[in-house]
Ligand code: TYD
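Next up: a single chain in C-alpha cells, the form predicted alone.
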Amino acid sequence: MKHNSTLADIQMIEIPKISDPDGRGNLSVVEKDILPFPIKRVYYLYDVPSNSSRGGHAHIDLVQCLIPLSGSFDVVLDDGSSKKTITLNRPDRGLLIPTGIWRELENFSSGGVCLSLVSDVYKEDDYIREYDEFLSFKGA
C-alpha cells in the first residue's frame, strides 16, 4: 500500500444515482467497480453531537470511503504537511481516503449519518492514534 499519500491523492467518488421516474425518491448503489478496493468492513456513525469530533487517526494500510447517508459533516484531512477540510453532504458522493492520511470528522448536522466502507477488517495495529507518531510515520 502507498504510505506517502498526500492530499492530492484524496478523491471524490461519484456513486451512481437512479432517480425514480414517478418521483418516489432516489436509489444509489455501491458495487465492485465503484471503489478501488474490495469492501471488507462496513460501519456507520450517527447521533454524533455537533460539538463532538470522530476520527483523530490515520491508517497504515487501510483505505476508506466515507459517504454522508443523511445530513452533513466536515472531514479535516492532513497529510503531514498540509490540511484541508471537505464538507460531505450528498449521499451520491463518497470521499476516498488513501493510507497515511490523518482524518477528523466534525460539525455533524442534526441527523447526520456517516457510512464508512473500508478495505480491511478492524486491526488495532493499523491505526496511528497519536499525531506525533503520524508525523514520524510521514517522515515530517
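Residue indices: 1-based, along the sequence shown. Source: prediction; values computed, not measured.
The same protein also exists as the form predicted together with thymidine-5'-diphosphate (TYD); that form is not shown, yet it is the one meant from here on.
**Student:** Evaluate residue 55 for contact with thymidine-5'-diphosphate (TYD) in the model of the complex, applying a 4.5 angstroms cut-off between non-hydrogen atoms, and reply yes or no.
**Tutor:** Residue 55: contacts thymidine-5'-diphosphate (TYD) in the model of the complex.
**Student:** Although thymidine-5'-diphosphate (TYD) is absent from this view, report whether residue 41 comes within 4.5 Å of it in the model of the complex, heavy atoms only.
**Tutor:** Heavy-atom contact with thymidine-5'-diphosphate (TYD) at 4.5 Å: present for residue 41.
**Student:** Would residue 129 count as touching thymidine-5'-diphosphate (TYD) in the model of the complex under a 4.5 Å heavy atom rule?
**Tutor:** Output for residue 129 is yes: heavy atoms within 4.5 Å of thymidine-5'-diphosphate (TYD).
**Student:** Counting only non-hydrogen atoms and a 4.5 angstroms cut-off, does residue 69 reach thymidine-5'-diphosphate (TYD) in the model of the complex?
**Tutor:** So residue 69 does not count as contacting thymidine-5'-diphosphate (TYD).
**Student:** Have a look at 45, 60, 86, 30 for me and say which one sits with a heavy atom within 4.5 Å of thymidine-5'-diphosphate (TYD) in the model of the complex.
**Tutor:** Filtering the options by heavy-atom distance leaves 45.
**Student:** For the interface check, one of 22 to 30, 90 to 98, 47 to 55, 74 to 82 should have non-hydrogen atoms within 4.5 Å of thymidine-5'-diphosphate (TYD) in the model of the complex; which one?
**Tutor:** This holds for exactly one stretch, 47 to 55.
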